Ligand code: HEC
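Shown below, as structure tokens, is a lone chain in the form predicted alone; questions about how it binds or moves come after it.
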Amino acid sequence: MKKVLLILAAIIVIVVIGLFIFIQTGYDKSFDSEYPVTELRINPDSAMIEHGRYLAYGPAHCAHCHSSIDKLEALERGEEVPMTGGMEFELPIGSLFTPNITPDKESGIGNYSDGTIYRMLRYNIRHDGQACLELMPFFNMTDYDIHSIIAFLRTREPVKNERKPNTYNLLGKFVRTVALKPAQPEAGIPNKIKRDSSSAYGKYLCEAVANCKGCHTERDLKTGAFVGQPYAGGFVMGPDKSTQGWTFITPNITPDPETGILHNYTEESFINRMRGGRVHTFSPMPWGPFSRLSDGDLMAIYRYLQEVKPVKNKIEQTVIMPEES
């Protein structure tokens, strides 16, 4: 019996060591061979650059994540703060820091080709070939919108700011080894989409640009996978440094008459609320960028959200104070 136990113990040790080696040698794998950088040179006109500005400081809210916490107040006021990165996301898999996306050649994107940045936005593959978490849901964005963002970023002033490297715990390395893959865009994405106030355009904004679905749907923070019904809320954010210890649970924004918070909103009151700004200082909702959306874009979002499947999901509490967390 003792011999059997020793054999079993040895097998367990070998398996654990093997798994550890597998994780340590596989979590930083490159997808360069499967998703090579394509030749791309964007030749923008002034309209494309201005559209990129609108997206970056508006619905795509690039500046909200790619600026430092101390600049968020200025961003809320409407200032075009430099997107120098450094924002920390504390997740169950480790700490992730947003990169500097100014054109600085040492610490930013100044030495990255248009194709390299395009691959990042389309497939969530970094310049070094590694896949990253689906924190930017832009893989279903039109080429015109992606090109516009890239073109606008090229016009910004270079600012040197070396961000901290991402740190992954053992769980994070395991997830990166076995679960993290490049994004898979839907088939048939148009090169350009007509901007209007239709619900169809609202769906595009909600799911490919503004990430309404990504935050208002319950998710597993270890993998980023959706585990709840679309737009039914329940996604927990915080407590962490960015929320200053507060916890926020996203509300249900489906048109369910009993539990959906938008049920009693009119188009006008919805636009007024989106223009009204934040109520809670440390809320992760990018109120500043969203308040600058055009009336047409806000109408489109409202109209689409009125058409999504109603889901009965009562979120009892959306804000939890630090001492309650």
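Residue numbers here begin at 1 and follow the sequence given. Note that the structure is a prediction, hence the values are computed from the model and not measured.
Just so you know, the form predicted in complex with ligand HEC exists too; it's not on screen, but the next bit is about it.
Every residue of the trio 65, 126 and 168 has some heavy atom no more than 4.5 Å from ligand HEC in the predicted complex.
Residue 216 belongs to the set of residues with a heavy atom inside 4.5 Å of ligand HEC in the predicted complex. In the predicted complex, residue 263 stays away from ligand HEC, with no heavy atom inside 4.5 Å.
Ligand HEC is not drawn, but in the predicted complex it has no heavy atom within 4.5 Å of residue 289.
Although the partner is absent here, residue 232 is not a contact residue: none of its heavy atoms lies within 4.5 angstroms of ligand HEC in the predicted complex.
The contact with ligand HEC in the predicted complex, taken as any heavy atom within 4.5 Å, belongs to 136 out of 183, 159, 72, 136.
Among the residues 151, 117, 81, 175, the one placing a heavy atom within 4.5 Å of ligand HEC in the predicted complex is 117. Only one of 242-250, 187-195, 222-230, 73-81 lies within 4.5 Å of ligand HEC in the predicted complex by heavy atoms, and it is 242-250. Residues of 282-306 placing a heavy atom within 4.5 Å of ligand HEC in the predicted complex, in sequence order: 283, 284, 285, 286, 287, 290, 301, 305.
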